[in-house]
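A single chain comes next, written as C-alpha cells; it is the form predicted alone.
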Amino acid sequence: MKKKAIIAAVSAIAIALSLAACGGGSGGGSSVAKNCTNKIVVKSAPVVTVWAWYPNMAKVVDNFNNGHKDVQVCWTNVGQGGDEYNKFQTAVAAGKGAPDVVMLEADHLANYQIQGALVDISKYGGNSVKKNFSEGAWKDVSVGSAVYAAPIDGGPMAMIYRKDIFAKYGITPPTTWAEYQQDAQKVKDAGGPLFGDLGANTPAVMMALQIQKGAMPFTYDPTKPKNVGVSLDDSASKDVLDYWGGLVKDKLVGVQDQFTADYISGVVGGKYATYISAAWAPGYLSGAGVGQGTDKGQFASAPLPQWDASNPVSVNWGGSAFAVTTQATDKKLSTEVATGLYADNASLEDGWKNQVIFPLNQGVLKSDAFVNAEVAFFGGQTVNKDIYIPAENAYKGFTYSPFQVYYYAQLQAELAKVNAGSETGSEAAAAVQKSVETYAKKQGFTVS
C-alpha cells in the first residue's frame, strides 16, 4: 500500500508492540539484531534481521520462526513508510546499520537499486517464487531482468461507491470516465453531494489513471542506469489532468486531501458518492471508522471506470515487498526470508481476512475461500471474485523511476494548483515535465 496506500492504512490500524530481547546466532545483520520485537524460537539458528510495518507482522514472524529450524527472523518496526525510508537511507549512506531484509513499496525499489543498496535476488534463488505471482506483480519488483524484491501485497484499483446515494439519484456504477462525469453532473443538478474527490496528496492515483489512458511516464533500463525516459506531458497525461481539473472547476468533485480526519468524516457522512481507490481500502476505511455507524452497509465496489471501454486497462495503487539489502551478511539466507516471510497460508489468510492486505500470491487468489469471500464492509459482496482478482490478473505492471519520490512531490504540488484553480491540467503536466527533467539532469541522468 502507501502515504499513498499502505502507510495511511497502517496509520489507521494502530497496534501495540512489546519489545523483547532475542537470542540466537548471527546469520546476518548482527549489528541490528539486538532489539527484536519477536522471540527467537530456535536459539541455535542463524538470524536474519527484518524491518517491516504491517499491522500483523508479529503473527507473521512467529509463523515463520515456528516453521523454520534453519533460520530465524529478528523483526523490528522502525516506522511506517516514510519514517522507515529515512532510517534506511541513513543506513545506506553510512554503509552500515541496515537490516538484512527491508519492506519497501514497489515504487521505491528503483530509487534504492540505483544506489546499490539492494540485492538482485534472482542470483540467490529468488526466481523460484516467480510462478506464484501475476505478470504485473513480478514486473513491479523487477528492474529489467533483475529482481529486487519478493511481492507481498498490491492494490488493484476499483471504484467504491455509496449504495444509498446511487439509489437516491437513480444511477448505476459508471463503466467509463465519460459516464462518471455525466453521473456527477446529474447528482449535482439534483442537489446531491460531491461525486468524488481529487486529493492532491494522492499523486500515485493520478499517475495510475494517466497510465490507464496510455501514458508511459518513465522508461528505465538498469543496464544503462544513467539513462531515463521522462514523458509527463504527453497527450494522455494532459487529458487526464484536464479531465479531473474540469471536474474540480465544475464542482463535481472535492479537493480534500485524503487520509485526513476531515476526509474520513466526509466519507462517513455521505459527502462523497464515490472513492477511487484500491483493494486494500476496506481495511483502511474500516480501521478509520468508516462503515461502523449510520453508514454501515452503505458501501459497494465496482470495476474502475475506463477511458476506452473497448480497451480496458487495469492499474494499481500501492503494494509492498521484501527486499534484501547489500549489507546482509548471508544474502542467500536473506533471500529465503524475503521470499518465505508472509508466504505461508496462515499469515496470508490472517492478512486478507482481517483486510490488512490484498495478497498477490496466486495460491490465495485461486483459493475458494478468498475467491468467494463475502466481504463484510461491502455488505457481503463477493468483490474478490467479481472485481479485484480480475483486476490484479489483468494488471501488466508499471515502470518506476529512480527518483519516484521527487516526481510524486512535484505532481502533488501541481495538483494543489489545479485544485486551487490557478493552473489547468495541461499546464500542470508541462510544469511537472520541466521540473522532473531538470532534476534528473542535475542528478547526472541523460533524459530522453
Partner chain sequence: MTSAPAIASPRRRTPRVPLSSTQRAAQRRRAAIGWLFIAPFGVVFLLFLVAPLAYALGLSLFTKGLATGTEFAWFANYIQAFTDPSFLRGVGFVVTFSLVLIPIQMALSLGVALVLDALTSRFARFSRLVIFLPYAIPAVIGAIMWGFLYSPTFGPLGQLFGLIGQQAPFLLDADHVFGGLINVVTWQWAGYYMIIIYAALQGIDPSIYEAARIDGASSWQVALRIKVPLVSNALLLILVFALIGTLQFFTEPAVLRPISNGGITPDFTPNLYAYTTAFSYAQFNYASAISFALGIVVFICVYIFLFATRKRGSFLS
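Computed from a predicted structure; not experimentally measured. We call the rigid core whatever largest set of C-alpha positions still superposes within 1.5 Å between the two forms. Positions refer to the first chain, counted from 1.
There is also a form predicted together with its partner chain; it is not shown, and the following applies to it.
- Site annotation in the model of the complex: the residue of 89, 175, 329, 132 reaching within 4.5 Å of its partner chain with a heavy atom is 89.
- The contact with its partner chain in the model of the complex, taken as any heavy atom within 4.5 Å, belongs to 261 out of 261, 190, 309, 369.
- Its partner chain in the model of the complex is approached by residue 255, whose closest heavy atom lies within 4.5 angstroms of it.
- For residue 223, no non-hydrogen atom is located within 4.5 Å of its partner chain in the model of the complex, even though that partner is not displayed.
- By the criterion of a heavy atom within 4.5 Å, residue 167 is excluded from the residues contacting its partner chain in the model of the complex.
- Under a 4.5 angstroms non-hydrogen atom cutoff, its partner chain in the model of the complex lacks residue 42 among its neighbouring residues.
- Stretch-level contact analysis of 329-337, 242-250, 369-377, 113-121 against its partner chain in the model of the complex, using heavy atoms and a 4.5 Å limit, identifies 113-121.
- When two forms of a protein are overlaid on their rigid core, residues whose CA moves 2 Å or more are considered shifted, and residue 251 is not one of them between this form and the one not shown.
- Once both forms are fitted on their rigid core, the CA atom of residue 84 lies 2 Å or more apart between this form and the one not shown.
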